[in-house]
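Next comes just one chain, in structure tokens: the form predicted on its own.
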Amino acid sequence: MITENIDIKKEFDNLPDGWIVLLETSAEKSLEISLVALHHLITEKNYIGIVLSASRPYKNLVQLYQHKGIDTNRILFLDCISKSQSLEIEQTGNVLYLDSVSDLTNISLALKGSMEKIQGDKFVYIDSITTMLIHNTPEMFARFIHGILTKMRIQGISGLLISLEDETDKEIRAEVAQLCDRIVKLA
């Protein structure tokens, strides 16, 4: 179980169906905040998650989540790290290995397919806008994120995005912020 010294629950109150929340935090707190948010959404709110991981491989995420009491059977992982780093690929039913963080076309297709495949209340979690921007030009990433968030909005699918405060391109942050229902700063 996660010790909730971060009160994330209130940040998910009074949101419309198909909400999109941007969590801005420091690099030091991003993992802890992610774990608390995911635990709340999956364990307490009973959502099914689609986790787009641009910063950690599947194997590491599963260990972290299980250690924190997050039911990984309620998550579909889109791993953008393992293949590009030539890591050992563990074939299971809840992970898709994508070629790299810079392959936005295939990431978009995988997200679209995953959103259509999963039934019930679901959310898409993009673990690091900041990391994705390291591997993509701001212009390409802006088109990608705008397209993804618009699709989610149209389909009523909720979204959670993490960004490192003061390290994300200001124009990209503005683009993302205008598509969100709530921006939460947790330093």
Partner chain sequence: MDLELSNIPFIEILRQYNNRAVIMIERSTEGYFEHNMETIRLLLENDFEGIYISFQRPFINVYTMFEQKNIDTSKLLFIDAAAALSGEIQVDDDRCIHISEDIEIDELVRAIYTSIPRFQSKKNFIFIDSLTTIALYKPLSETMRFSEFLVGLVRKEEKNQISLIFNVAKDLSQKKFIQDVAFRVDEVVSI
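Residue numbers count along the first chain shown, from 1. None of these values were measured; they are calculated from a predicted model.
The same protein also has a form predicted together with its partner chain, omitted here; what follows describes it.
Engineer: Counting any non-hydrogen atom inside 4.5 Å, which residue from I118, V62, A142, L35 sits next to its partner chain in the model of the complex?
Structural biologist: Contact check passes for A142.
Engineer: Heavy atom within 4.5 Å of its partner chain in the model of the complex: which of H40, R153, K29, K68 fits that? Just give me the one.
Structural biologist: The residue in contact is R153.
Engineer: Is there a heavy atom of V21 no more than 4.5 Å from a heavy atom of its partner chain in the model of the complex?
Structural biologist: Looking in the model of the complex, residue contacts with its partner chain do not include V21, since no heavy atom lies within 4.5 Å.
Engineer: My question is simply whether K10 lines the interface with its partner chain in the model of the complex - judged by any non-hydrogen atom within 4.5 Å.
Structural biologist: No.
Engineer: With the partner left out of view, is L164 within 4.5 angstroms of its partner chain in the model of the complex by any non-hydrogen atom?
Structural biologist: It does not: once its partner chain is placed as it appears in the model of the complex, L164 has no heavy atom within 4.5 Å of it.
Engineer: Given that its partner chain is not shown alongside this chain, does K45 nevertheless sit within 4.5 Å of it in the model of the complex, heavy atom to heavy atom?
Structural biologist: Contact check for K45: no, nothing within 4.5 Å of its partner chain in the model of the complex.
Engineer: Honest question, do I50, K83 and G93 all end up within 4.5 Å of its partner chain in the model of the complex by heavy atom distance?
Structural biologist: No, because I50, K83 and G93 lack any heavy atom that approaches its partner chain to within 4.5 Å in the model of the complex.
Engineer: Along 169 to 186, which positions have a non-hydrogen atom within 4.5 Å of its partner chain in the model of the complex?
Structural biologist: Stretch hits, in order: K170, E171, R173, A174, E175, A177, Q178, L179, C180, D181, I183, K185.
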